[in-house]
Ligand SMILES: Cc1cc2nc3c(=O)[nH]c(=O)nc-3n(C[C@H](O)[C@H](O)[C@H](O)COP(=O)(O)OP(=O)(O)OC[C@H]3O[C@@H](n4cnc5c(N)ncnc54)[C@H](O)[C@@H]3O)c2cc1C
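Starting off, we have a lone chain in the form predicted on its own, written out as structure tokens.
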């Protein structure tokens, strides 16, 4: 084994979580390999809901527009009842974009198109997944992880500073670590399939026999494709015919309509719904993220989104530690993300029970905009305050103006791998520039003007307050001018040391 075999991070699993982590590490200049045991990219629509908070993440990663172009907003749903009546309604409570929340409603994008857009972005950054490459063994010590990879009949041994398992619900990495995966099988087995069909319009999500776990079936048109996603519960035992003929017969039985004919099946799966959460997200130099750490029933539209945000939380922390920040920073990954997964699991299970009764409606709670790390060891407030946005909260967007008169968005200032420090109505600067930190002052004499009072109304700062925004778009600290030593200590601890300015 040569030095060329050593990398910073080995990512095992090239789904949404692995791709998010790879994109984030690539833009930070961290060396990595992204391996996937399957020979080809996943070709199904399984995780099709992109929640507003994930769209904000995708904006930062440079792919939100191509993701949006790959899908559409969710259509209205049309419920067909046994008495022949039909009812149209919305699956989601309406949420219009506002300046602080620029993405108000979820997007419907088939998973294969989402991951395709992510691979395109990764290619722009000079990287690609290695398909047909499996992790077959690994061991770790205090310095490295030594991993054995198999690609066909060839084997290779490499060293990585860290290993991240993003390899799904049956995660090899999790099992090799002997990390428990407690939870329960939810007593529901379902089919999901991407099909072409005749006999249904593409303007609504067609739902038959809502509330019946024996006869329920639905057909959701997938925008920008010729497919519908077919979904429905099936018996817990026995083989399911997932051919076009078999699904046509199932459709006729459950809808009573002989003119709905499945013409072809692009992808199909029968699966048992589970709710499980890993006992630990980290063992030494090995981490779990995405479905390797938590599996959800699909009813909440949370699985893919939670997975993306796991990786988004972990990426900047790995990069910081690799650049010299103490390893204790990595402990905050499980501290912050595991409680979120537990909460999302509870939401998805509750929505599954609603679905069984034919009463499923998804409100603001599924959009993930209110996720916060208020009790995190990375959240600092000096002094304590009462406000809508606190240390640990998602950092909202706001429309401002630059001192030269041009419009500016906070999200544009946050975009990229850096930290952002916002000073409000500063009489004196007080914080010195340093590498990895972008400093902006808002108000009289600042480089930004709060012309519409959006920043003031959203963040509720006092004159002299400093608001530090983390690389993943959460507020790390809110500190008054009189508490600057506490802010300096925080900046030092996360690797933003005074005098560390890059030469140009």
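It should be emphasised that the depicted structure is a prediction, and the values quoted were computed from it without experimental measurement. Positions refer to the first chain, counted from 1.
We do not show the form predicted together with the ligand, though everything after this point is about it.
- Of the residues given (163, 278, 262, 304), 304 alone sits with a heavy atom within 4.5 Å of the ligand in the model of the complex.
- Think of it this way: in the model of the complex, the ligand has a heavy atom of just one of 167, 194, 336, 397 within 4.5 Å, and the residue is 167.
- Though the partner is left out of this view, residue 133 does reach within 4.5 Å of the ligand in the model of the complex, counting heavy atoms only.
- Contact between residue 298 and the ligand in the model of the complex is found at the 4.5 Å heavy atom cutoff.
- With a 4.5 Å cutoff on heavy atoms, residue 35 counts as touching the ligand in the model of the complex.
- By the criterion of a heavy atom within 4.5 Å, residue 46 is counted among the residues contacting the ligand in the model of the complex.
- Annotated contacts: 14, 111 and 172 all touch the ligand in the model of the complex [non-hydrogen atom within 4.5 angstroms].
- In plain terms, the part of the chain that comes close to the ligand in the model of the complex, with a heavy atom within 4.5 Å, is 284-292 out of 209-217, 284-292, 375-383, 411-419.
- Contact annotation for 261-286: a single residue, 271, has a non-hydrogen atom within 4.5 angstroms of the ligand in the model of the complex.
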